[in-house]
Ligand code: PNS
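Just the one chain here, laid out as structure tokens, in the form predicted on its own.
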């Protein structure tokens, strides 16, 4: 069985992430979407919220071979623990490749038997990032079509509560 791990903060999960998950699910027997706790970022959504949102949007019949898990620590240790053969990374632009290449080479140094698979995002999502989605949503802009409807609802609630708390 071939297992791929798609790690990330997913804060929040976007339709670009779902595109990579869907395409990975057609390549691997099993895909583990690994929500990281240790991402050196200040997250809008807690680890539990990100985990639950991902489970909700991947829990349909289109993703029968996809599971969502939480992890912390060194990615390569998690990949080994799961007996995965590859790390899946999505690329939007050349700048993503430069950043991701460093991690891929370091992971290769630590685990020569684990490959990193780069998937370029579909054109319609090439501009899309969680950061952009959060910025637009925080200013009351429409993110419909950029994130799943459930995530859109949660973003609206999150920013409504932040504004109400000031």
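Positions refer to the first chain, counted from 1. All figures in this text were calculated on a predicted structure; none of them were measured in a lab.
Although it is not shown, the form predicted in complex with 4'-phosphopantetheine (PNS) is what the next lines describe.
*Interface residue in the predicted bound form among 38, 29, 98, 124, criterion: non-hydrogen atom within 4.5 angstroms of 4'-phosphopantetheine (PNS)*: Going through each option in turn, the one that passes is 38.
*Would residue 132 sit within 4.5 Å of 4'-phosphopantetheine (PNS) in the predicted bound form, counting heavy atoms only?*
No, residue 132 stays farther than 4.5 Å from 4'-phosphopantetheine (PNS) in the predicted bound form.
*Taking 4.5 angstroms as the cut-off for heavy atoms, does residue 9 touch 4'-phosphopantetheine (PNS) in the predicted bound form?*
Looking in the predicted bound form, residue contacts with 4'-phosphopantetheine (PNS) include residue 9, since a heavy atom lies within 4.5 Å.
*Please run the contact check for residue 74 against 4'-phosphopantetheine (PNS) in the predicted bound form: heavy atoms, 4.5 angstroms, yes or no?*
Residue 74: contacts 4'-phosphopantetheine (PNS) in the predicted bound form.
*How about residue 107: is it within 4.5 Å of 4'-phosphopantetheine (PNS) in the predicted bound form, going by heavy atoms?*
Answer yes; at least one heavy atom of residue 107 falls within 4.5 Å of 4'-phosphopantetheine (PNS) in the predicted bound form.
*asked:* Heavy atoms within 4.5 Å of 4'-phosphopantetheine (PNS) in the predicted bound form: which stretch in 98-106, 51-59, 116-124, 133-141 meets that?
replied: After filtering at 4.5 Å, what remains is 98-106.
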